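Just one chain follows, in the form predicted alone, and it is written as structure tokens.
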């Protein structure tokens, strides 16, 4: 098996930047194309951009809960579906929504063409389920754009160097859009969803959470890694590496959303704290009597994205991993013949903001706030722009609300 361990620079035509000055990539998530009427509405939005003078590339996710339904079918047939056939199955949802949208565009008097990931030239490594994009061969897309067509690309999928269908992991349509925007030299990559942008906290927990005008790539990376589900983590990293401006906005309104940009971009508000993100459950693993290099090499080998790492003692390591990787971690640790344990009664609350780097006292206020509501932090981890606390799952929501209030994030 060949694995690409990095996001390679997409293949870009020599005149891609010139061609891309009037090009926009517009990605629509599953909630945006949840039924046929919503698909017609998306078609109107794509046509409006075309009539405004833009060359338009659309990236559509599968309709509503289609992917979840396909996964359910796979699990009913097989407890451990063959990875190749699993990708063949779950990649079909995006093809349906893109083909339907192309039909709707034709009825609006414009030409369109829907393409699978492979037809669009999205080449990946050979890892099924979590493939990484190696390059984008955008000639077919450019040719269709030159013919004044709206190009629709099935998100979440590509073709491997071994000519097999691969998928990019959950949320992979964001990655498709970012990669196409980079390869085609797009002016902007617009990510349409069912919310109006990125908020200072989850509005379901904090009703007075405020929509942010702009974030740095680094802030969005920390938010995505800490539980904010607006953008896929890898897509933000890719956009940063290839200088793709992202605009997260609502499918259902014309309001401006949240821009994800470079730290020096004048659109930034330069806030001290940008937001509070959370996960309700983040499994915490404890492993003993194993070399750290060996442990994390093994975890990398099974594509687990480790988050928090603590070296408790010379022979004890604590680490956390996403909930979706729990089963993989358990199987791996069980196969290593070491002493290990896992707890799944903790969530994580993360305070994030680029201003932390130059404002002392943020940590003190964070811990004092949690102590004030009787919440104990079981594990604490930090970066220059993040303070993350593992707390009891039952305490996650009130911790988010308390920190949001303490740092007065509801005000601009």
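Positions refer to the first chain, counted from 1. Not measured: the values here are computed from a predicted model.
The form predicted together with a further copy of the same chain is left out here; the points below concern that form.
Site annotation in the predicted bound form: the residue of 295, 102, 195, 201 reaching within 4.5 Å of a further copy of the same chain with a heavy atom is 102. Checked against a further copy of the same chain in the predicted bound form, the residues 112, 225, 261, 230 give one hit for a heavy atom within 4.5 Å, which is 112.
Only one of 45-53, 62-70, 368-376, 348-356 lies within 4.5 Å of a further copy of the same chain in the predicted bound form by heavy atoms, and it is 62-70. With a 4.5 Å cutoff on heavy atoms, residue 88 counts as touching a further copy of the same chain in the predicted bound form.
Under a 4.5 angstroms non-hydrogen atom cutoff, a further copy of the same chain in the predicted bound form lacks residue 286 among its neighbouring residues.
Proximity of residue 119 to a further copy of the same chain in the predicted bound form falls within the 4.5 Å heavy atom cutoff. a further copy of the same chain in the predicted bound form comes within 4.5 Å of no heavy atom belonging to residue 382. Residues 238, 249 and 303 are none of them found to lie within 4.5 Å of a further copy of the same chain in the predicted bound form, as judged by heavy atom distances.
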